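One chain comes next, on its own, written out as structure tokens in the form predicted alone.
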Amino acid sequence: MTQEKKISVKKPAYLQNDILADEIREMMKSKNKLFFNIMGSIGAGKTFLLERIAEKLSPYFRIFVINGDIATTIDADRIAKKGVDTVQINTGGGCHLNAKLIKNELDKINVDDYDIFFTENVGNLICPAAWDVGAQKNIVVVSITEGEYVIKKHPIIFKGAQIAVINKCDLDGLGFDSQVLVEDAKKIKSNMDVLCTSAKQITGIDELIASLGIKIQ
């Protein structure tokens, strides 16, 4: 009699990803490089924040940005105009980046040519939470326009983050106070840095860069 056995492929896939992510992290550490993974919903302001960060840092550091999206090179093209090198990964429907995709792009360049690496993950607050890309710090960006319950509804991605950014704070007070989001983030992870920014008004950018551990000489 033939017996059927169900095998979950999810756990081995995660395990292989985590092993490769650790290898990326160790490689970056050994070369004294910084690598940050930025996550958030479509429209939260991830690309705009990266543009502001690039404006501040590109005169002093060599920066490489890996942009993830289902289609187009819109985000990579925008950031490239700020004096940094970029590459666009189009997932064709995939809702997240993973360590293998990142490693593939790193293998195409000389990592020693750069000081700081950023990944702008595919825009959503669900899938990227489960996939380690090998970054030293994960940053989650939400915006005032996503409503006062956005953090409460997506606790998992914040548990794996070191920095939470409440963006579009120039719109603070439109229905609720941004402090609500700050408090929600702290309830999920008390030791997480929580910052309020406005990419449009260029506020909070210096504080974000400091939270990344980057010092401009």
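All of these numbers come straight from a predicted model, not from anything done at the bench. Residue positions are given as counts along the sequence shown, with the first one as 1.
A second form of this protein, the form predicted together with a small molecule, is not displayed here; the remarks below concern that form.
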item: Candidate spot N98, D132 and Q162, all three touching the small molecule in the predicted complex (heavy atom, 4.5 Å); value: no
item: Among 88-96, 132-140, 111-119, 72-80, the region lying within 4.5 Å of the small molecule in the predicted complex by heavy atom distance; value: 72-80
item: Contact test in the predicted complex: F64 vs the small molecule, heavy atoms, 4.5 Å; value: no
item: Close approach of S41 to the small molecule in the predicted complex, 4.5 Å, heavy atom; value: yes
item: Proximity of I156 to the small molecule in the predicted complex, heavy atoms at 4.5 Å; value: no
item: Proximity of L171 to the small molecule in the predicted complex, heavy atoms at 4.5 Å; value: yes
item: Heavy atom within 4.5 Å of the small molecule in the predicted complex - residue from I24, A199, L208, V194; value: A199
